[in-house]
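Below you will find one chain, with nothing else, as structure tokens; this is the form predicted on its own, and questions on how it binds or moves follow later.
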Amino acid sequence: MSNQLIQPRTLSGFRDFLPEMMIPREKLMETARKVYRSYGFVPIDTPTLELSEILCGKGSEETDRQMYRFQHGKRDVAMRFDLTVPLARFVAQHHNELGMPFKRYHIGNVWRGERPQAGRFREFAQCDFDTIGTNSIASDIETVLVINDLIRAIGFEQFKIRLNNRKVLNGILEKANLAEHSVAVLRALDKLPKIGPEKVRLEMLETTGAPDSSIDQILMLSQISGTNREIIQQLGTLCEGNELAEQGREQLSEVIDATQALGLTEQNLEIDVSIARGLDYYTGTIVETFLTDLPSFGSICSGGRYDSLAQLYTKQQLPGIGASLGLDRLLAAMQQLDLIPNTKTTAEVMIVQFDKSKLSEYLKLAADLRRQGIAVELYPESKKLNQQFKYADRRGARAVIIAGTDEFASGVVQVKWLADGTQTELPLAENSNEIAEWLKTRLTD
């Protein structure tokens, strides 16, 4: 048997999460859950592995290429590349038990074998919310409102939700006689912010073989600008004569009217007729969300309406709309903006072991404080105080509680605030109520 050590390493595109990153990551998940639940969305989960036929051909050629797919015995299986396609299978399988409309959220990992780059990994978490079983524009409006509330709850004020409707795009494609090339055109349009209009134009010409005049109509659409109302007005001429495009324009107008009435301004919500969303299953409203301070970083929360996706699995009509917060992309953006606090602990208070003979008293003090909502860590050994203080500081604790034989005899503790070194004496009364109240006040400052 070889004694050679195995080098500890992770695969390219995969990573470990140390506490200083996992703590804010879990906080983002908790924030998303709270916002989703406030709108009545309920949690579900689906398997990591699906039969390949469930996943293949449901996203795009690119997602099919990136899919982790393999044979397990006689079964052809694949790892989910998003949470929306498994949702379509889920509601098709369980719709009689669920009742419609059904509002769900799902926080879980997905896998895509794409080239790793800044903010993009091969394993990453998504925080999805979706409404299934209704065509009502109210669900489209609510989707925008949830995104707005979610980004604000995370702590951002400077962001843009970009809104479009695939019916406008698809209708104008029909007018330009490019409907049969819609997938190629929409994918090219999706690259507009990255490669610019001229390269997008060349890609469309190469993939469609359409005349310049048809391509120019599409690019004309993508370059419309102005206020939300001005864009809707300009779309009137372009959409005129095509029922699908006109319907998409009307839906855009309804979303803008409703969200504006609820206080969303163009500072945070704007129509952008150039966005197309690369996945093939979108059929109506589409949204992408960008941080104003990192405009080139890419979307951190995207989604849209997909009225036909579940029909691949059932004859039941199950239209849907939803969006996904790209959790790990958002964390990467927050790192760039230096918005992630450097902490390695979930307990902001640590009790030092000054006297090992008082272990039971330390344990009781910690238990009393936890019962009153204070997260407390007890240092496990009676080491030198400076070693315990260094540990607390390195972990990111804010306060240290010190009590030796004399303090216990006098019925007091010393609380040292690590940020400035100040020390306060507090009475060690029954259940440690005064200590807990003092800590609650200081910890929320």
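The structure presented is a predicted model; accordingly, all values stated were derived computationally and were not measured. Don't overthink the numbering: it's just position in the shown sequence, from 1.
There is another form of the same protein, the form predicted together with a further copy of the same chain; it is not shown, and what comes next is about it.
A heavy atom within 4.5 Å of a further copy of the same chain in the model of the complex is found for exactly one of L312, A184, L264, I224: L312. Proximity to a further copy of the same chain in the model of the complex, defined as a heavy atom within 4.5 Å, singles out one entry of I154, L294, A210, L98, which is L98. In the model of the complex, a further copy of the same chain stays beyond 4.5 Å of every heavy atom belonging to N342. Using a 4.5 Å cutoff between non-hydrogen atoms, T444 does not count as a contact of a further copy of the same chain in the model of the complex. a further copy of the same chain is not drawn, but in the model of the complex it has a heavy atom within 4.5 Å of V376. When contacts are judged by a 4.5 Å heavy atom cut-off, P19 counts as touching a further copy of the same chain in the model of the complex. Three-residue candidate spot E30, S139 and L363; every residue lies within 4.5 angstroms of a further copy of the same chain in the model of the complex by at least one non-hydrogen atom. From the list 229 to 237, 142 to 150, 161 to 169, 185 to 193, the contact stretch for a further copy of the same chain in the model of the complex under a 4.5 Å heavy atom rule is 142 to 150. Looking at 400 to 427, no residue comes within 4.5 Å of a further copy of the same chain in the model of the complex, counting any heavy atom.
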